[in-house]
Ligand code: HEC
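Listed next as structure tokens is one chain, alone, in the form predicted on its own.
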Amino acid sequence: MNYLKTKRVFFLLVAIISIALQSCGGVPEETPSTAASDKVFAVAEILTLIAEENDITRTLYTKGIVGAGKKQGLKFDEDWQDDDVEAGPLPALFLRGISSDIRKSDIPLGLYLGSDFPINASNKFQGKQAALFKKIKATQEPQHFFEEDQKLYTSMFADLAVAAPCVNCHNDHENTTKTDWKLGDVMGATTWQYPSDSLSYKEAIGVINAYRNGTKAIYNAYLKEISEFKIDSTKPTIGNKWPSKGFYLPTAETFVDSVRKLTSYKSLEKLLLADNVTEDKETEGLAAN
């Protein structure tokens, strides 16, 4: 095993251990000897990884919490944080909560949700993103580019109508500009941005953890809102059961753990794949010299 491969394997093991320990509530403090400074991932690779994790998270929330919860009597509203509203966040607002928490962190990751038929006019795509969104609607293929105005590397991914609550909410909303949404439609796109064209293992883990921390933060905000409901009969039992079993909601730990079980293997697999690609390129370079 050559030096470059040995070093890369070491950094990869650090990454795997860090992501695994994140599920247990923490990552060991990094020392100079474990700092992974090498830029080994193209930004599009990491933004694709986190976008796929976001798809799984939002689908679980939309179907497992909102869809199943409504059948049990739980309510979800765009004004869910108002004092006189006893409800939880709609899926789009759940994503906005994740985005807001990421902005509070020291990770320079941007996350936005846009559309050509948004309920909120401020979320309508403009300029280059509007043109690229047309391609996304036609092909459902992600678009990766450099945003000159903001000097940010940007990736856009199709946001599909994966559950009936999404379709019904958008079709029935008083401010909607489109009333014939159906399951499977490309309703919009999630847009991710990062200031560098490549990331080290440490930076990649930082992006993953910033997203996961945002997920836990918005879900905890939802549970806090429930604790302040004035009518006890509107408060579901919080524990390890899901709405599909009755008037229940999982704890934040249960929800996040379910997400991680669905996503962690995929994330690690992508890190391994990227490592192999990098190794192949370096081997080709050495052979050329």
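In case it trips you up, residue 1 is the first one in the sequence shown, and so on. Bear in mind the structure is a predicted one, so any value in this text is a computation, not a measurement.
FYI, the form predicted in complex with the named molecule isn't displayed, but the following is about it.
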Let me test this: is every residue among Arg58, Lys70 and Leu90 within 4.5 Å of the named molecule in the model of the complex, going by heavy atom positions? yes
Ile119 near the named molecule in the model of the complex, any heavy atom under 4.5 Å? yes
For Glu78, is any heavy atom within 4.5 Å of the named molecule in the model of the complex, or not? yes
Within 4.5 Å, heavy atoms only: does Arg103 come near the named molecule in the model of the complex? no
Tell me, yes or no, whether Gly214 is in contact with the named molecule in the model of the complex, where a contact means a heavy atom of each within 4.5 Å. no
Listed range touching the named molecule, judged in the model of the complex by heavy atoms within 4.5 Å, from 198-206, 135-143, 148-156, 170-178: 170-178
Which of Cys166, Leu111, Ile218, Ala210 has a heavy atom within 4.5 Å of the named molecule in the model of the complex? Cys166
Heavy atoms within 4.5 Å of the named molecule in the model of the complex is the criterion; list the residues of 178-216 that meet it. Met187, Gly188
